[in-house]
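Have a look below at one chain only, the form predicted on its own, in structure tokens format.
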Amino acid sequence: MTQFVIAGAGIAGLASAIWLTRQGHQVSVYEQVPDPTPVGAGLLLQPSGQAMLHKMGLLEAVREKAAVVHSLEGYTGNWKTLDLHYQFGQADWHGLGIHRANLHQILWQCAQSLGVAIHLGNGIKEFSQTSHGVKIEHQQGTVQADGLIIANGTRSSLRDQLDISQTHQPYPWGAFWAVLDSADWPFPHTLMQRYRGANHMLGVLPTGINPASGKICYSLFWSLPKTSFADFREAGMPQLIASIRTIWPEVAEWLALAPETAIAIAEYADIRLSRYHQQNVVVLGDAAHAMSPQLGQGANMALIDAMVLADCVAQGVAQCVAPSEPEKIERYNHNTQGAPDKSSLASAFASYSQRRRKHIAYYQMASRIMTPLYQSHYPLGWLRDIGTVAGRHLPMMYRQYLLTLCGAKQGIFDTKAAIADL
């Protein structure tokens, strides 16, 4: 039985714990905060992320808490520029808007039901690799493991302890988020966005069930440069509402009718690693590849990371193949008792790095290209609008937009973007 320690009880950490425990391994999760329930608002699960949840047997539980999203629309004034409909990519495709806390709770409950040991308020401080595996120092002592999985988010200090070339570049822009209940918002299945140039963006995402109220809710996001955060904090809700009113009056009134609504501030960063492992240590989720939220892929990529890692560990060899054959998928849904030795575990982590390289690189590149078009002071809004409008009228380009949105492309020339190939 292989012993894994996971740093972080977020989406990537819990999903990895579920997969590896089902394979028969011993898994312990160490989380620094006493209550890891996410703050913030909603996220959009793309078809790729949904496929991972289906393999985990958790998709139906997620659906019960989520809102089905059929399309994405964006407007500059009254001009519809962005108009993406999932069904034109594949007939059964759609997005699922869900509150982060609901997705986290579903993963948490599954991990607990499997007996995963989760240590709250007890983060990992440092580690060292030895001939016996990995020696790990946490806040309350020391533990020895065969493998360490770093999944503790963008600000991970553990990532910096690896001898891996890496960059960590904070974005100068962030966002205000709020969750508002509504039974009569006219776009229950559409992610709506309004733009003014590249420096103003407001969106409304259907988010399913509000975990606090139990009602149907929506997530509002208002993009701002981080230098503006202090001014808005000082001016308070009235100034935020006044600014939003110039872009989207209906949303401003909606927010004005809920003065007690909590506003969360999100900051983002670009994380790039030359590889995602070093011997018996591997990095997953935002700790490995955080990026701008423009493509909405964070949770999806974390779920893919966890599945691919579990597949590589299950095979225990240096070369992994995609889980496209029915018998392989069937294997994922049953416990396996294989326990790779230290060298094969290191090979499995190396295989994980190789297998995830193209997919992560594509979305980091796409994010780097798109972000200035949506969040910057550069006069690029017109370029974004022309590009999205042109894409609507060019079938080949439109399909590539949709394949990128689905979360499965592994390169510019990956024109099929099959989820089974991840």
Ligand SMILES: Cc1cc2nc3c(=O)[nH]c(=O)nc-3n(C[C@H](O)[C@H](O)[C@H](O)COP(=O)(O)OP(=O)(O)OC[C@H]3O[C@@H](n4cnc5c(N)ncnc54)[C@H](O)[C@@H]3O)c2cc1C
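If you're wondering where the values come from, they're calculated on a predicted model, not measured in any experiment. Note that residue numbering begins at 1 and tracks the sequence as displayed.
Another form exists, predicted in complex with the ligand; not displayed. Remarks below refer to it.
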Next item on the list: Just one of 367-375, 38-46, 52-60, 387-395 has residues with a heavy atom within 4.5 Å of the ligand in the model of the complex, so point it out.
Entry: 38-46
Note to self: Using a 4.5 Å heavy atom cut-off, which residue among 361, 68, 383, 33 comes into contact with the ligand in the model of the complex?
What the structure shows: 33
Check: Taking the ligand in the model of the complex as the reference, which of 266, 262, 257, 235 has a non-hydrogen atom within 4.5 Å?
Finding: 266
Next item on the list: Although the ligand is absent from this view, report whether residue 282 comes within 4.5 Å of it in the model of the complex, heavy atoms only.
Entry: no
Checklist line | residue 300 within 4.5 Å of the ligand in the model of the complex, heavy atoms | finding: yes
Checklist line | Partner proximity in the model of the complex: residue 223 to the ligand, non-hydrogen atom cutoff 4.5 Å | finding: no
Item checked: Touches the ligand in the model of the complex: residue 9 (any heavy atom, 4.5 Å) -> yes
Item checked: Within 94-119, the residues that have a heavy atom no more than 4.5 Å from the ligand in the model of the complex -> 100
